[in-house]
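Before any questions on how it binds or moves, here is one chain, the form predicted on its own, in structure tokens.
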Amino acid sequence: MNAPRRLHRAAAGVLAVFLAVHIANHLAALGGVEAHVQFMERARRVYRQPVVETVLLLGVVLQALSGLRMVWTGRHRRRGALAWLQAGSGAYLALFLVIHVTAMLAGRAIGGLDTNFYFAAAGLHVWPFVLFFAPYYFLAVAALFVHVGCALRRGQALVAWMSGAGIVVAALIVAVLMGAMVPVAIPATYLRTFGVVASS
């Protein structure tokens, strides 16, 4: 196994637990926004520790860079639908991670916002930003499941099962963020980041 692939797998190992918790956190919102917030507050006691957060951020950078490098360098050797599916889902995840993590850090450091459920959901409640954020989140979750299924190299059946599960989970998460499953009222502080001014 070459160095970029070893680095990619090592970074994936670092991020795997956090991503599982993060997905579970969003699914907790099926019980209401308060359930999501309570779950996040407990999880943050661990992943907001400075050392843990630094390791996670480093993992994101390494995962994205090594993944994109493999997508590019393997473009002429890649054969078969699963190989291309793995590369395509990985490329999208790398793009998503860079955008999402940058937005979160900017929201905290520059906007002074708590990057909680409302931060993630706000763009799905403002037209026309919903046209970007709905597919943006949906494809990220679906791509994560697809990419993991391909990376496990257990054949087409597992990839198909993981892809189906990813589509269902992605649809549930987007529906919850949009307020289609539980009541969601976005505070004005978050809406203002999209130029929405609350009426008096």
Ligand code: HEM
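Every value quoted in this text rests on a predicted model; they were computed, and no experiment measured them. For every residue, the number given is its place in the sequence shown, counted from 1.
Same protein, other form: the form predicted together with protoporphyrin IX containing FE (HEM), not shown, and the subject of what follows.
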Select from the listed residues V130, L97, A91, L82 the one whose heavy atoms reach within 4.5 Å of protoporphyrin IX containing FE (HEM) in the predicted complex. L97
Considering V159, V60, M70, A29, which brings a non-hydrogen atom within 4.5 Å of protoporphyrin IX containing FE (HEM) in the predicted complex? V60
Can V126 be called a contact residue for protoporphyrin IX containing FE (HEM) in the predicted complex at 4.5 Å between heavy atoms? no
Although protoporphyrin IX containing FE (HEM) is absent from this view, report whether F39 comes within 4.5 Å of it in the predicted complex, heavy atoms only. no
Is A165 a contact residue for protoporphyrin IX containing FE (HEM) in the predicted complex, using a 4.5 Å heavy atom cut-off? no
Can any non-hydrogen atom of R78 be found within 4.5 angstroms of protoporphyrin IX containing FE (HEM) in the predicted complex? no
Complete contact of R108, T115 and A120 with protoporphyrin IX containing FE (HEM) in the predicted complex (any heavy atom, 4.5 Å): yes
Taking protoporphyrin IX containing FE (HEM) in the predicted complex, which residues of 159 to 180 have any heavy atom within 4.5 Å of it? I173, L177
